[in-house]
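Shown next as structure tokens: one chain only, the form predicted alone.
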Amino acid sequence: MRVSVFGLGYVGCVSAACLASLGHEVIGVDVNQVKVDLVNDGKAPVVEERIGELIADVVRADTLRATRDVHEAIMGSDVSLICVGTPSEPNGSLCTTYLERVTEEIGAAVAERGGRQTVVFRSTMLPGTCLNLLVPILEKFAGGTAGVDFGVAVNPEFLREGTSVRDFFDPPKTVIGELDRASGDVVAALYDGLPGEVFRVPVPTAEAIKYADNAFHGLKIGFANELGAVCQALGVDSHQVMDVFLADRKLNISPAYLRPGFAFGGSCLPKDLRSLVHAARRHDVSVPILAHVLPSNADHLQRAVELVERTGKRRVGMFGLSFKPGTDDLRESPLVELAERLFGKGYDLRIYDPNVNLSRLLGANREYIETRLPHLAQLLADSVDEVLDHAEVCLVGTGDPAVLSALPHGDGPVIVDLIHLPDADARRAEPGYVGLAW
């Protein structure tokens, strides 16, 4: 394929050289004449493992050259990868200046080119940037319609500095945010033959995935460092702790707990987090990540309260009360906390949980509910239908089959989904459905 790559920094330089080594005919574009000259001389403008020899090889093979001329690059290519920087503004917001500028220049060149050009944004940008900012710029300057007269896609990169060449040829995944099928086909063809799963998704999803990855990487590093500091203060070998932690592939290093849902609770997680943070403070160890896990959890629960408030309705039904399906344990259940907040705000509440029977609650479980929700007896319903007959708003916090099968579609109560129902994707089109975080 004939490819132009805009921006010859780490991402653009590596992408251009690697694509050229796959047999594509690549033109690198940069405003910096020094970078252009270095590439044309077969030298790398960045310091990176293997990149020097790779650029030398592909320039010698005449599959990579560089220019400052945007018009020349567009005329000599059928697909353009945008790899310009998106730095932070002083207030932390995303700077899109370079993206906007190169998009204008590409659009103007596309207007003269004729034929279908596919513009692929590889720069990291927030969801909505492509469709709401860059596509209108392209359409204005190219004088056509995106997805019809020219292609548009978002193709985030997952290249780590220091190992970016290896990461290109052995990617963890390939993500293609396609405006239309033809645009996605072009991007998929660029990487044909490379390993790793390919995900073809809507454009905003592709934009968000890079942020999900990097936020989690930062969280993991921060978590490990904070836990290490606490362990050191307590006289524990932190690396030994983490070796055992990492050996658990069932819960720790796995998809477990990594799906958006409702707040966590129960007899272990809240108290153990409180104890760990308290121990850190006693030893004057700052742990801002660990210290904010419980406040974050509380904020997520508050989102459910606010969703009910926005409906403007007063009769509320709740399905589920225990902190986890298949148990009657109510200790620190987020659903008990949610019920308490709604009851305290004067909502007319009915609750059904097939596993919760007030007469069977014993010990600490009963003591907890008598302290937090002493009016539970008058709120509990005997059946799903009793709650549905009462409610204008239904909060679904359980996946119990009897509840799921009875939930109405279309006209009926507002469904506030706290667990991501099995048919959530289909329900999104219904006016009475609201997902907590999806």
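What you are looking at is a predicted structure, and each value in this text was computed from that prediction instead of being measured. Numbering starts at 1 and runs along the sequence shown.
Keep in mind the form predicted in complex with a small molecule is missing from the figure; the text below concerns it.
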Query raised in the report: How about C394: is it within 4.5 Å of the small molecule in the predicted bound form, going by heavy atoms?
Result: no
Requested in this report: Give a yes or no for V29: in the predicted bound form, does one of its heavy atoms lie within 4.5 Å of a heavy atom belonging to the small molecule?
Outcome: yes
Query raised in the report: Any of the heavy atoms of L294 lying within 4.5 Å of the small molecule in the predicted bound form?
Result: no
Query raised in the report: Any chance L8 has a heavy atom within 4.5 Å of the small molecule in the predicted bound form?
Result: yes
Query raised in the report: Candidate spot G85, V102 and K210, all three in 4.5 Å heavy atom range of the small molecule in the predicted bound form?
Result: yes
**Report entry** Single option in T124, T311, N355, T96 placed near the small molecule in the predicted bound form, where near means a heavy atom within 4.5 Å
**Finding:** T124
Report task. Let me know the one among D170, D243, D237, E161 whose heavy atoms come within 4.5 Å of the small molecule in the predicted bound form, would you? Result -> E161
**Report entry** Segment that reaches the small molecule in the predicted bound form - one of 180 to 188, 152 to 160, 311 to 319, 72 to 80, heavy atoms within 4.5 Å
**Finding:** 152 to 160
